[in-house]
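Next comes just one chain, in structure tokens: the form predicted on its own.
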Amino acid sequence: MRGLTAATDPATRAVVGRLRDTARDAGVTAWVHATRLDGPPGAVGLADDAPVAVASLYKLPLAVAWADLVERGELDPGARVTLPARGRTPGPTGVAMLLDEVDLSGRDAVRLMLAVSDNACGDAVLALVGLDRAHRLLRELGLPGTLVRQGSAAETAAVVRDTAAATPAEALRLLADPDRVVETTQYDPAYASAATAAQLGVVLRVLWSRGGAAHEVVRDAMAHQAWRHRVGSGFPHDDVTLHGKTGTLGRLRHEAAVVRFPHEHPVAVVVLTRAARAERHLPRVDAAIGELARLAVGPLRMPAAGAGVGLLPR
């Protein structure tokens, strides 16, 4: 990779070494990419060109594709989307956890699929965009390897099939069983939605370069992400703005985010991890994601002339 990812100078090698040590100490394999979104070019990376199964992070490039289609006039952001009570994709948050039929706009479905990683809304937005159009748009962005292979319903069905479980809830319990090694095709980038950490950094760069109202909907939804226990834990300051999207499935714990300190250039950071342990709750891994992000962002911090305090610019 260009910039600091080449690790050719001693300072950069030291950062990469600290990233490796942090991942090893937390019991994870990590893929990390950070890049300054404006100002002088700069990047830091650890194995950032390796394809990784991204779990719910597929919703981030999908949201960019949705926003591009809205700005082209191919989708109406206010068009109504009906999510019936029966047959809806299950999940722990948002519409996916509700009991009754829900009617909402396409843009609100996008907001929920990003802010709380709502699986039902993710599938609804995928139906609006369509897999073929999503792939075409990603190819136009120079990201043919960022693959939205399927939505949350198909991912869940694959996990149920792979684990021979009776229900999605049982499948997730099996994946989290610390006494058994339970695998799924959804850990494999050859079968699951996949990207490299560097490609997801490009997705964030594209999103922050777009000036459309629909792209602002996406950025604002990321600002309202419900969780700060991963990347956010590395930046526990009230004046640091964070826009993020997590992805979680079994051993996989990810986040892609944009971090900005007051009066500094924004930095995109992507941390993808696969844990050695399988438990559903691994706070040490979540904290390590924050530390990996902090280490990667640190060398890229730079004052931005004339930058003010507040929400990130695009």
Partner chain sequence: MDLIRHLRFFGAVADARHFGNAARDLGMTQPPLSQGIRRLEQHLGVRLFDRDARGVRITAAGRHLLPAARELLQGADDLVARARDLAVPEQPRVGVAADLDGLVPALFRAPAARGLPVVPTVAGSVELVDLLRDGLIDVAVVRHPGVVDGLTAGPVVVVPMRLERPDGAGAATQGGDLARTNLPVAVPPRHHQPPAHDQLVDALRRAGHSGDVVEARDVGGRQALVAAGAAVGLVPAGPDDEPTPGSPPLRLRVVQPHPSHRRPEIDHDAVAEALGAALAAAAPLAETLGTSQSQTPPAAASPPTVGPPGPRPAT
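Note that the structure is predicted; figures quoted are calculated from it, not measured. Numbering follows the first chain given and starts at 1.
Another form, the form predicted together with its partner chain, is not on view; read the next lines as being about it.
When contacts are judged by a 4.5 Å heavy atom cut-off, E279 counts as touching its partner chain in the model of the complex.
Its partner chain in the model of the complex comes within 4.5 Å of a heavy atom belonging to P189.
Shown alone here, G27 lies within 4.5 Å of its partner chain in the model of the complex, counting heavy atoms only.
Within this chain, R210 is remote from the site of its partner chain in the model of the complex, having no heavy atom within 4.5 Å. For the residues R161, H224, R133, R173, the 4.5 Å heavy atom test against its partner chain in the model of the complex is passed only by R161. None of R80, R86, R180, H237 but one reaches within 4.5 angstroms of its partner chain in the model of the complex through a heavy atom, and that residue is R180. Every residue of the trio W31, R274 and R284 has some heavy atom no more than 4.5 Å from its partner chain in the model of the complex. Remark: of stretches 263-271, 64-72, 49-57, 34-42, the one touching its partner chain in the model of the complex is 49-57 (heavy atom within 4.5 Å). Interface residues of 108-146, taken as those with a heavy atom within 4.5 Å of its partner chain in the model of the complex (partner not displayed): H135, G145, T146, in sequence order. Relative to the shown form, the Cα atoms of G145 and A198 move apart by 3 Å or more in the model of the complex. A decrease of at least 3 Å in the separation of the C-alpha atoms of G145 and L69 is found in the model of the complex, compared with the displayed form.
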